Ligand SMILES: Cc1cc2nc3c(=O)[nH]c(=O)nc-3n(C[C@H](O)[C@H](O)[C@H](O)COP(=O)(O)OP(=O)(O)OC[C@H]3O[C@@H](n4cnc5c(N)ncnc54)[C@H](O)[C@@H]3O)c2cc1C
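Single chain ahead, written as structure tokens, the form predicted on its own.
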């Protein structure tokens, strides 16, 4: 369909202001947060529908004319999931941004797909409720985090986004609108279409509305920062915590080298360098956790009733010290906790300018320490910096393949001349190790464009064939988010 005819047809559906066709404006929608330009592609046109009916009409038009359609949320993904790989129509959700209902009786909230996480958190917290998943970027949209089954640091206690989605309004590729699930917790009525759509990355339908379950907010939180001399000691502490009835809200592992780069980027010190005003546990009674020699930190968040938080924090501190922690710093006050978490959130921004790719490998919890140790063997052998941090409590390790070199046991913070040749080699080696350990290529980011070459390494032909057959039945013309996953 010629551009001018397509633009006119879309304007008839959403209005002239809802259609973007200028090349310079479309450039913003040609990529997501993946760092390399190799996956960039311009859409033919971008459109801002006002409701599910508009999207239905757009998909009917696209089916008739065989035009690819790609849904795009906040564009915060890291693997090209919202890149319009075959051009065509890009659907934006700026106008589907309303919180439709906060149902305090049923502990549910109903939102449109374009609502960003920051606004959702603020809305439900104002009503005295809590949405536990925290995928990381607060500008991500609900439609996007549902489509990728996003996780984040709190998944260790509460699970991924999937655990909180109770209902969806979805527009299917031919334009049919269906409503799945509702305001109930249990449902054994036929196949679970709800869970089929969650995590399908926009390849089976376009999510326009979600019904989400909520919980009561924690009364108290405490943040523990635990330094170790070795990565092995730090990460092997996690299974000990998990099996001793001390389940925290989050358990992150963070490498000291990544903290150093973040300090350079932000101009701020890692907050625990000044131990006050945090409580402190130590095997020898003196604070030494920020001295030279620290290689790894655990960042542990505990929530619950005040007495429970105190009890669990002390129990975890004891377990950490018995596993060779240097110290345990405990931030009870909201100000210090906020400083620590804000510093942690800046780490990706610090790495981003020189990061080639952020991997999203997930392995059994017991294998995290072994996987990370292999990553650092690869780092030394190929002399490229591979800082790795992530969600130790659910086995999700984010290795950042950097352009920086690595020598004498540390990054040199200068661009490695042969990074383009080394990158695919270390990438393959890291995924090979994950496969050996019974892992998967993605724990929370999805497959998108970037990771699809590894799908056949982790899933057998029958599983992939089953997925492709579902895609073929639901979207026989293959117009919806083409070239993704497979």
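Values in this document were obtained by computation on a predicted structure and should not be read as measured data. Positions refer to the first chain, counted from 1.
The protein also exists as the form predicted in complex with this ligand; that form is not presented, and the subsequent description refers to it.
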Report task. Please determine, with the chain shown alone, which of 173-181, 79-87, 119-127, 262-270 has non-hydrogen atoms within 4.5 Å of this ligand in the predicted complex. Result -> 79-87
Query raised in the report: Going by a heavy atom distance of 4.5 Å, is residue 201 a contact of this ligand in the predicted complex?
Result: yes
Report task. Would you please decide whether residue 444 lies within 4.5 angstroms of this ligand in the predicted complex, comparing each non-hydrogen atom pair? Result -> yes
Query raised in the report: Does this ligand get within 4.5 angstroms of any non-hydrogen atom of residue 379 in the predicted complex?
Result: no
Query raised in the report: Looking at the partner-bound form in the predicted complex, is residue 93 within 4.5 Å of this ligand by any heavy atom?
Result: yes
Report task. Find the only residue in 361, 207, 226, 392 having a heavy atom within 4.5 Å of this ligand in the predicted complex. Result -> 207
Report summary line: Picking from 239, 132, 167, 75, the single residue whose non-hydrogen atoms come within 4.5 angstroms of this ligand in the predicted complex is 75
Query - Residues of stretch 135-150 in contact with this ligand in the predicted complex (4.5 Å, non-hydrogen atom) - result: 135, 136, 137, 140, 141, 143, 144, 145, 147, 148, 150
